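The chain below stands alone and is given as structure tokens, in the form predicted alone.
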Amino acid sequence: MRHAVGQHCATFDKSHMPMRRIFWTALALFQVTPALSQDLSEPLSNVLPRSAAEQARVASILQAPAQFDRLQPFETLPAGAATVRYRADRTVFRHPSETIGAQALDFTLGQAMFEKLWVSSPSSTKASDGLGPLFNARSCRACHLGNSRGHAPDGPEDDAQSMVLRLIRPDGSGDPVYGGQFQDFSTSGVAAEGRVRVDWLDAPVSLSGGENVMLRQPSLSVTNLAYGPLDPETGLSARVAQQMIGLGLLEAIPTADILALADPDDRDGDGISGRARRVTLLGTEDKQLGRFGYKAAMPTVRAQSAAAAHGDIGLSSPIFPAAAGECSLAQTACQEAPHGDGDVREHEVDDTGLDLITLYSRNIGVPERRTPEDPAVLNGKRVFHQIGCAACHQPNFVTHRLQDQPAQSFQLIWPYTDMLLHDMGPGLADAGPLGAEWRTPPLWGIGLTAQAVGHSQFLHDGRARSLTEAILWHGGEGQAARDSFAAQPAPDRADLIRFLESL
């Protein structure tokens, strides 16, 4: 593996060897607009300009047509030189990028922060107090087991900790009392908001060749409400934790390269109209491209990490400074409960802690591909392109050249996402103003989900129990590709799934 990575560097880049109310007000400032690159700042400040020769070289690589009879150059290394060796065990998503270098110690410290169990205040363990008072989990790891995907509960006794419930009104705001995220745990002296219930509605779908697939759709409800009824306009939308690999590389994709793929008015008439989400974080004036989260609400790994710490664990940070976490003003016991801000540190997660979590999250390695030269996999790749999947799941990019950040600098990567929002049809729509629009999820590592975490649940709420089910839920801009998949001969459908599992 190291030899292959070294070859990749030598060939492509010789220079790099081996407060609830405040929170939801901030989210309400985010916009979905046709964005021009000159309107948006880059998420990273250490970008070095590409030379004319480098620009031409990148264009020739990215514009090369897909090949289906053989592998394309470096296609087995989805994260470029940062790709890690495949491990056939449950640690497959728990290793640092191959290019981590001198930051290996900080990666380990960041992993410790990521896995830390937070406790309520006051506590003798000052570095770990500040949990809640309302929360969904006590650590980042509790939701992102194995740095992989969360799961939806299969029944009333199943633990839903890696799934949270968004509360969304038509204007995008949260519930007036319960806020934007439903909290089913709390510290002593504060009532948890209630319990989440998921019931499943099944519907059969027929495919060519007589194959039948049973799709399931969640019916969401909340019970044992501690603070009165929800607002009549509040809708419910489930979110399972997302896969953590390769985030720093996605952050390093040039904004202009993503915006070049956007076609919000579908001017080319292909039925695909990806839109860029332009976001402004609370406390700043910079407008940036939304890259992270199911609705592309966060522009950077640091912001996404701070938002998750605030919303899921109830931790304040320099980005989300509310000490009461997700408590609303109506929840007085929560507002008045002890918290971890104070003399020892200004925020429960200070700048140093947030830096470590960010570094860790940026550098979780993407494993090398398995059996990519299998004829069935190559045929599946052909089907993937032929039926239009690549129109949204853009195969490859080249990251920025970054000063003092070699782990993500100038790498040819294969994430299979365009980072844009797409209308996925009424079957996947939620109650917010973005409705059926969802960011195209990266596909790298998708075939290793069961190995990493013991289940194969996909889509934003975990409704799909297989990749086939996930494809069959595509509507809106994905409807044509979904229908073509359903109409393919059974062997070609199977090969497409093999291709996805090889990524």
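Computed from a predicted structure; not experimentally measured. Sequential numbering from 1, following the sequence displayed.
There is another form of the same protein, the form predicted together with a small molecule; it is not shown, and what comes next is about it.
Of the listed positions (Leu459, Leu434, Leu40, Val58), a single one reaches within 4.5 angstroms of the small molecule by any non-hydrogen atom in the predicted complex, namely Leu459. Checking Cys143, Val196, Ala337, Ile258 for any heavy atom within 4.5 Å of the small molecule in the predicted complex turns up a single hit: Cys143. Exactly one of the stretches 235-243, 78-86, 186-194, 91-99 approaches the small molecule in the predicted complex with heavy atoms within 4.5 Å, and it is 235-243.
Within 4.5 Å of the small molecule in the predicted complex, a heavy atom is found for every one of Val164, Ala309 and Cys389. Residue contact check for Lys381: none of its heavy atoms lie within 4.5 Å of the small molecule in the predicted complex. Using a 4.5 angstroms limit between non-hydrogen atoms, Gly478 touches the small molecule in the predicted complex. Shown alone here, His151 lies farther than 4.5 Å from the small molecule in the predicted complex, counting heavy atoms only. The closest non-hydrogen atom of Gly447 lies beyond 4.5 Å of the small molecule in the predicted complex.
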